[in-house]
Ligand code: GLA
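Starting off, we have a lone chain in the form predicted alone, written out as structure tokens.
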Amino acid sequence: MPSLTPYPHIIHGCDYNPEQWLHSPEILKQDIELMKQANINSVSIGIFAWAALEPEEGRYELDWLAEIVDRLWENGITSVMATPSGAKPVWMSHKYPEIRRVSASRIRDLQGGRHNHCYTSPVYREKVRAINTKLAERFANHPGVILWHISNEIQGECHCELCQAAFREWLKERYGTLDALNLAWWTSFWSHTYTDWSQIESPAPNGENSIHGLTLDWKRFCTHQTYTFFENEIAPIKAANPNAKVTMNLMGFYDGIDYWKMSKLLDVVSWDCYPAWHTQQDGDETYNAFWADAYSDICRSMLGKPYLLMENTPSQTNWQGICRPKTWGFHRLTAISHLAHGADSIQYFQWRQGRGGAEKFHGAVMTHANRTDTRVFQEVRGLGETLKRLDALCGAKTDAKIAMLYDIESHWAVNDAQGPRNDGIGDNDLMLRMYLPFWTAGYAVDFVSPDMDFSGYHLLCVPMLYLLRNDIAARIRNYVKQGGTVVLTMHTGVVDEHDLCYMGDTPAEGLAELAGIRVLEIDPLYDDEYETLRITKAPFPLAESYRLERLCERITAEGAEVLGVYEHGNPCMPDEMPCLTRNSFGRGTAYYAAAFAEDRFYSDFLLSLAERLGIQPALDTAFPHGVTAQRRTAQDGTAFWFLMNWTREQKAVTLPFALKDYETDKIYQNKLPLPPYGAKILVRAN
């Protein structure tokens, strides 16, 4: 992947909001010089500037923005130009009330906030296209504009009459007839059959919320409307410069829209990373770190190339329960972790703290003190010095042989299922629990959506794929038949794409045959209730037993080899019922884990399986708790190793070969010390 910058450097940037300081030219004059001191080489600009760009309808004032972009470019700082649709001007909101969003309770919003516009409104789409056309005419071919940041943290849904009408048209195109829709939604339940398209309304807390097919299709429709709105946003930019690059900043595991579908419109994926750092009294940050790294891996996987860290805080947020600043040196650790997992940028919200409004106490490079001798400024500047030396890392690849299947539609469906466990079904928890051992041991993991190709991976993990489309089942079967190894789990292949339960054996669509098992029933456990998995035949090193929780399927082996069984401790339950199985299928192997197990099981089982399959971690060594590693390979073949210590204790890593600190040139032969919250960037020592 070629660098996004006109010079091949890692982007070190921030959100810049000069519209808040147009009345203070002395501040704007300071900013560029201070950015250079902080080693900032790029800024995201114009994100919430619509009122300053179009102070009244049809009167555009872009000269102030052009002057700033020009000055930035003259001083070696590029711009990521944002479209301002995330926050509409007050005049527009009052003149055109239809652009204000209507909630699920059918109440129209008043003016205020942000991310609260109607994606269907022709008026809003026209206004967005008009301002974007003006921006594109002015900046699409500017040498200092390297990327277009479309809107900001796109989110939410609107239930207005315009959206209801559009939803019905979308349904007509999808189903063709009301008979087909009624069958797909199983509307004969509770006599909710539709006899006219006009009767269909979006789900509502005071209306229809018992038809799961409706709820699922509404979420699909919201993604569709967001997708077409996004197309409308980028059209003027691509028209002005077909080579212009666009991105949208994702919000981690936000499930309001299908990010996988949205990624098809992007040239590069970016995301805003805000874990709840420093919430543990013992200073152990491994949970927050692995959550953040998991989503970084998702962003890298979406387009199969490096992602951009569009936002993170250099110090603290202002919206968490307790807004702790990053402790000394911790900012560098988080930045290096992003580089390790595929980032080609480290960017901040924000450059300068505003004086008022909801984010006046959110962290920034420049605080209200307006000084450069603050800890945050010095740490940002120091990180910038490090990034200057990492030109070779731009576009570097991550070679993953392990894939984790992540289907947002299945997530929607299983969390709306109303059974078997309504106190947290835990599909995402299971996915992260299966990811955790790979992260801990330094394995690279890609995440794949059901529409992506997973044929090149040695190991495919499929956690709780409740909603199963038959084309996905066929591809999983073919993957295993051709020699792949798959790990399937409980509550997989239960419903089809309409959220209708499959008739016959489950997992459905041939996955029961693939696994060599058949599900009899599923038993949800209370939060303080546990069962036991006893290993009866260990194909690789496993403990004698493991604790089970949340969901336990009762299965029977139909051709599969039983590796572990239930021990209930309950005289009403039969022991020796299969819980963990293995089945040969074609040239490959399918494992089935019928219960939600403790972390230790996934660590023992999945790491042993990866070793058996010959998959190599980033560094073949045993890491102490809290230390993890990743590797990226530059376009010239140089391998970069990244070691991170997520605890506030001194750690040491035994090295399988000599490595050189990329920043200091110090060579480590056997042991590599990592200070508390320390991180190293390393290359092979000659």
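Fair warning: this is a prediction, and the values are worked out from it, not measured in the lab. Heads up: residue numbers just count along the shown sequence, starting at 1.
Below, we refer to the form predicted together with this ligand, which is not included among the displayed structures.
- Though this ligand is absent from this view, in the predicted complex it lies within 4.5 Å of a heavy atom of just one residue from F349, W439, Y602, Y119, which is F349.
- Contact with this ligand in the predicted complex, judged by any heavy atom within 4.5 Å, is made by just one of Y227, F377, Y274, W260: Y274.
- The stretch that touches this ligand in the predicted complex, counting heavy atoms within 4.5 Å, is 150-158, out of 150-158, 501-509, 546-554, 216-224.
- Contact annotation: E359 falls within 4.5 Å of this ligand in the predicted complex, judged by heavy atom distances.
- Remark: E531 does not count among the residues lining this ligand in the predicted complex, judged by a heavy atom distance of 4.5 Å or less.
- Mapping the unseen interface onto this chain, Y254 falls outside it, with no heavy atom inside 4.5 Å of this ligand in the predicted complex.
- This ligand is not shown here, but in the predicted complex it comes within 4.5 Å of a heavy atom of R114.
- Contacts between stretch 301-322 and this ligand, counted in the predicted complex as any heavy atom lying within 4.5 Å, involve E311, W319, listed in sequence order.
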